[in-house]
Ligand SMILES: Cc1cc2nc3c(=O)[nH]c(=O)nc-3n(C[C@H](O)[C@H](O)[C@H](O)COP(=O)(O)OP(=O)(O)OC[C@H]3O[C@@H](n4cnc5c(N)ncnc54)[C@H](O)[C@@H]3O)c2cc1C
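Quick heads-up: it's one chain on its own, the form predicted alone, in structure tokens.
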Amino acid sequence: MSRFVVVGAGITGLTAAFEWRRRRPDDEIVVLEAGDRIGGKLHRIELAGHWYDTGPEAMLARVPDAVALVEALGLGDRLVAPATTQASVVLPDGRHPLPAGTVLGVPASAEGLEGFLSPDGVARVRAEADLPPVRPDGDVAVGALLRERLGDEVVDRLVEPLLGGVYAGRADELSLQATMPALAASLPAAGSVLGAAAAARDAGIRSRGDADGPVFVTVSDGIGSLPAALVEAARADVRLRTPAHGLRRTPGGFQLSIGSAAEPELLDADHVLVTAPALKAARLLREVAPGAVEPLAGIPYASMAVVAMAFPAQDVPAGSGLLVPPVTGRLVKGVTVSSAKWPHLGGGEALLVRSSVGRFRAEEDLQRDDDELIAAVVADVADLLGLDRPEPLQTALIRWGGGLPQYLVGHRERVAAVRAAVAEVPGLEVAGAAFDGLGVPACIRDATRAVTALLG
């Protein structure tokens, strides 16, 4: 029997604990969490009589990791497919349905862009295939490449609202290789952005196999219900309000300094997995893996907030929701009409809606106090949705300070440097949203990879 210690009780750390228990049923598993609850960004509240996610509210269904985990927990019967995924983009000249067939907003052709872009914007996209072949020298910013090849409108109207929704970041700073790896990989052979987008889209359809199945799913009692299920299945010793602030090698493995910095407790471990945010991970690894410190410190984070709202039941013509790019000057960057999107949340006496605020380098919107921020978001949402009854029945504000890692240009090189430094320390691994993907499936996949590496 050995002791496996996980630092961080988010979805990555708890998945790793569960996976370790499946493979090593007799080991001791300890999960250290500095905060006062498990789950990290997975969080749910009761809103108008429903369990309602205020963290991730959807998981990719066409990659196996998240769905397979839910099924392994015996919760497969709680998976729910959306009733609609038809979103619209709010632009200064009105709202437009999100064009189909793009790769995170990057079009594969000019077809279907009329009205969404100006005539000049459509012509710019159409002419891209006739430009000299594009041959990026290493990583580039998404915005820089696309503005040069397809024009500003594609970035400002299509890519920004989608990338902003996923990363709370800016297209002009985000890494093409890290945020759009399939498109980046297709560029050398395609020679054009349009061709690369078409190749990436088609490759994705082929790899998924079931192209007719739902793209996204959720869990009927909230994705935020998964952390508790993972802890129960992992039979882990979860220690809340127990930060890890020191890690050193010992002849038998590792020793962690945990709890109060003034009166620390020492905890021995045979294997350690660090799933803390990048800067906290850097501090913890400075003695055992010093080569990981600088690249980890080079991963910045954006802060954001989610406001959950229940309005009196009323019809809204917004489909599953609205994407709101910065060019509109709006406070909110997106609105999800949960009552329309998810069947189990509809048909009641309340219209359930959530909206997000905050982008990288634009955190000033979050400096308002809670009541002021809620009131501003409610007013923005009521106006965007054209609500006849705009007074909410219930609201909730969840702040995610430093919540979303930014995959800036050179991100993959930083990740490779971290992995290389950690690989030199047997029994140690790092995983989480800071590395190879922000979504729930990506974090689950990275947790499984880390466990495999530690046991391999």
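Position 1 is the first residue in the sequence shown; the rest follow in order. The structure presented is a predicted model; accordingly, all values stated were derived computationally and were not measured.
Missing here is the form predicted together with the ligand; even so, the following discussion is about that form.
At the 4.5 Å threshold, heavy atoms of residue 410 stay clear of the ligand in the predicted complex, well away from it. Heavy atoms of residue 304 reach within 4.5 Å of the ligand in the predicted complex, making it an interface residue. Shown alone here, residue 253 lies farther than 4.5 Å from the ligand in the predicted complex, counting heavy atoms only. Contact annotation: residue 17 falls outside 4.5 Å of the ligand in the predicted complex, judged by heavy atom distances. Screening 48, 58, 29, 421 for any heavy atom within 4.5 Å of the ligand in the predicted complex leaves a single hit, 58. Here the chain stands by itself, but in the predicted complex one stretch of 120-128, 93-101, 74-82, 238-246, 238-246, has heavy atoms within 4.5 Å of the ligand. Residues of 256-287 that come within 4.5 Å of the ligand in the predicted complex, judged by any heavy atom, are 275, 276, 277, 280 in sequence order.
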